[in-house]
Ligand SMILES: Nc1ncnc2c1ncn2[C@@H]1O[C@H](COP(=O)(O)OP(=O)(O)O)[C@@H](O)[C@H]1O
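Heads up, the chain below is alone and in the form predicted alone; it's given as structure tokens.
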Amino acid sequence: MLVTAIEARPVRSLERVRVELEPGIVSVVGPNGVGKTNLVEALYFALTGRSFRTSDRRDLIPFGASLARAEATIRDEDGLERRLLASVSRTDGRRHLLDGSAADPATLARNRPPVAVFAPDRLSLVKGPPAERRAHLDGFVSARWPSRSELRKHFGQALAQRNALLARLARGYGNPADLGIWDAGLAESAAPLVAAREEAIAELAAPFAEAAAELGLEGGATLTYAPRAAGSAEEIRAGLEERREADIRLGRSSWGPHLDELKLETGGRSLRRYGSQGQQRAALLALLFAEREVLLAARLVTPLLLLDDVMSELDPGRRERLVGRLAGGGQALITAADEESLPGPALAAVVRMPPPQLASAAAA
């Protein structure tokens, strides 16, 4: 799938903007403060209905305005064009539409490429809490094996049901014997989720280490999965039963895949705890490139990479290697303050910021 255009009408500082996008690498160039990151965010918003910079979509609404709106045009392998529109209003909430009509999240996801983002704010994926890494890994599982896209949702539902009963039991209400039903449900949904995560890391570990070495992570970089609960559904159910009394005292489930960790390390040391910002940036890039390589090898839809301010802490050699990887297939947007920081292959398609504004009639 190829994104051929993005419109922001408006998003943050972008009032009425339409930008045509080419296949391959597209570089968004302009001085600081002209809206490069806002354009990337608008594209992400149009495709996913979310922002990668804030959990509150209303932050995308310009000061003094009532709504934010972004639309992406997508062309599939057969040349069919679809349009995804995302909007958020201070009064009417949010919408995410496919060709002007409401659609469920699974349908929306099937009609867009997977999206991966590198941005300074995204370093929380490396140095933040484990929950962010689990969610990211589960997103990759969905892209790698679409038939497993509901595993995270099913587990989350089972966990919520068990925790609701545990909370009641902790307050002295209910029958502890009823936990048997929820233990079984949680175990049945946990086992395939853990197995999918393990399989995903098995595929990602080698390309992650290779990309990390190219990007300057010395001492060897590793990507490992550390599950709290592993094994068959029967084994996980037995583990839940062993911890039942402790869980009742806590009022929540203290064991299971909702507590798993995805470890990123170099030289045997945690990048979360001991990595410099430069090392954490390299690790995030390496993870995104590893995911891209695996999906390319599996002949699945290649992720759209959105790389904001990615060149600022890379030396010329590593910039060349980064762009060389991007040239291997798929579509990518790179923001940069000037063209001098970009290797030659990244200059084949350049969007200069700020772009011209659409006429008022076109924005109506």
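From 1 onward, residues are counted along the sequence shown. Since the structure is predicted, the reported quantities are computational estimates derived from the model, not experimental observations.
Here the subject shifts to the form predicted in complex with the named molecule, a form of this protein not shown in this document.
- Proximity of Ser341 to the named molecule in the predicted complex falls outside the 4.5 Å heavy atom cutoff.
- A residue is said to contact a partner when one of its heavy atoms sits within 4.5 Å of a partner heavy atom; Val34 meets this definition for the named molecule in the predicted complex.
- The closest non-hydrogen atom of Arg53 lies within 4.5 Å of the named molecule in the predicted complex.
- Although the partner is absent here, Arg12 sits close enough that one of its heavy atoms falls within 4.5 Å of the named molecule in the predicted complex.
- A heavy atom within 4.5 Å of the named molecule in the predicted complex is found for exactly one of Ser27, Thr48, Asn38, Gln331: Asn38.
- For the residues Ile61, Val310, Val323, Leu304, the 4.5 Å heavy atom test against the named molecule in the predicted complex is passed only by Ile61.
- Contact annotation for 204-243: no residue has a non-hydrogen atom within 4.5 angstroms of the named molecule in the predicted complex.
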